[in-house]
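Shown here is one chain on its own, the form predicted on its own, set out as structure tokens.
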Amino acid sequence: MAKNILCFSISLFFLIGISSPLKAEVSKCEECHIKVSPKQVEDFKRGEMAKSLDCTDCHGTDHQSEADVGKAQLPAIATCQGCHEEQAEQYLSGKHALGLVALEAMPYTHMQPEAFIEGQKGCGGCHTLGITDQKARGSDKRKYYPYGMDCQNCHTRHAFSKKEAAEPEACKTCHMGFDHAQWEMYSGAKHGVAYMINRDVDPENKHRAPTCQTCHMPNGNHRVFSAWGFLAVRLPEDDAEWMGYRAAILKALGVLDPEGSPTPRLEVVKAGKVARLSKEEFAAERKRYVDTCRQCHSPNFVAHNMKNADKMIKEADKLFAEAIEIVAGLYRDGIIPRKKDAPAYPDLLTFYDVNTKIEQTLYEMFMDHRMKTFQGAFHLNYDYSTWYGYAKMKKDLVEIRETAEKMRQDKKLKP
């Protein structure tokens, strides 16, 4: 009888220990935060890092009470780098680390509402994570962590779960919607559908189809990059016809002046790595994806699909270049007044901060419909590439042609 009671007591002890979300050992930080922010404590205690770290490893020791909350350090990439050096180095060599650079490159960013950018309720929700002094907006005192996005975007705090970050939904927060609907494309295409069906009904074989991480982070490499980049521009371009279309696009991006010479903004493009500026660079990035695709598909299938996706960019650029030149013609002829010292081409990087309907249409053609045309092609979502992308671009071009003609007629009729 005593033996049975002893066995029951031991079993109950281990059952309670295993099922409890919190460990018995409680730090001074946790004594307070279990009352102030209990879920943060629970998240941290259920994560792997709680086995070897405590709050002070990331937040420092200066914050000791509610009277000095401002002294708590906020972790940056360097904080994680102390333990995860290889992953941090990979991350820092990729595009995610340049999120803030891309945002700051936009001409009108500094004119946006504070809540929209630094309050992280618009573009700043993804691109400005890392601002440490939000009150010093637009001044020399404005401080950033060195990079715009960091580990906690995917390994969400305070659990910092590797398993969670490995699921495709971890990418969804940023990669969805208007100009980068990768989540909608992936989840609706065969790759995403097959993965999520099998995750539910046959978890052991869910990886018979790829996740976002399979292609963009092969073998767990944290260097996230793509061959075409956000702008879908590469230089040099051997296809002379395509290069003609691309020249118009580069002028509208402010990278080339109206005569076709490079501008200082080319350095911004280089810094943000939003385009591929050598054959070697493009080929190296493309090879990474081809090697991943060929783990499942035949070489011919991969080559054929890559070729046709590339061609979709050319077809999109053909429509887009004509639209750009139409609007540029309105600038040159004074139909659309230009600000002092403004370029003789529409500046696509001002986005929706324009003064006419035709410029708004051009902006949507660029940021919404062209993006979906080529992104849908590479994500194998043909509905997005067609109806949300290419068909919309053709509609945009019709509207731009008709609007430009009407604007010219109205100009003639004015006394």
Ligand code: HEC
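Note that residue numbering follows the sequence shown and begins at 1. Not measured: the values here are computed from a predicted model.
Although it is not shown, the form predicted in complex with the ligand is what the next lines describe.
Looking at the ligand in the predicted complex, residues 33, 292 and 305 each place a heavy atom within 4.5 Å of it. Residues of just one listed stretch (332 to 340, 255 to 263, 73 to 81, 240 to 248) have heavy atoms within 4.5 Å of the ligand in the predicted complex: 73 to 81. With a 4.5 Å cutoff on heavy atoms, residue 160 counts as touching the ligand in the predicted complex. Proximity of residue 355 to the ligand in the predicted complex: non-hydrogen atoms within 4.5 Å are absent; the residue sits far from the partner. Taking non-hydrogen atoms only, residue 173 approaches the ligand to within 4.5 angstroms in the predicted complex. Using a 4.5 Å cutoff between non-hydrogen atoms, residue 386 does not count as a contact of the ligand in the predicted complex. The partner is not shown here, but in the predicted complex the stretch 340 to 376 reaches within 4.5 angstroms of the ligand through a heavy atom at 351, 352, 374, 375.
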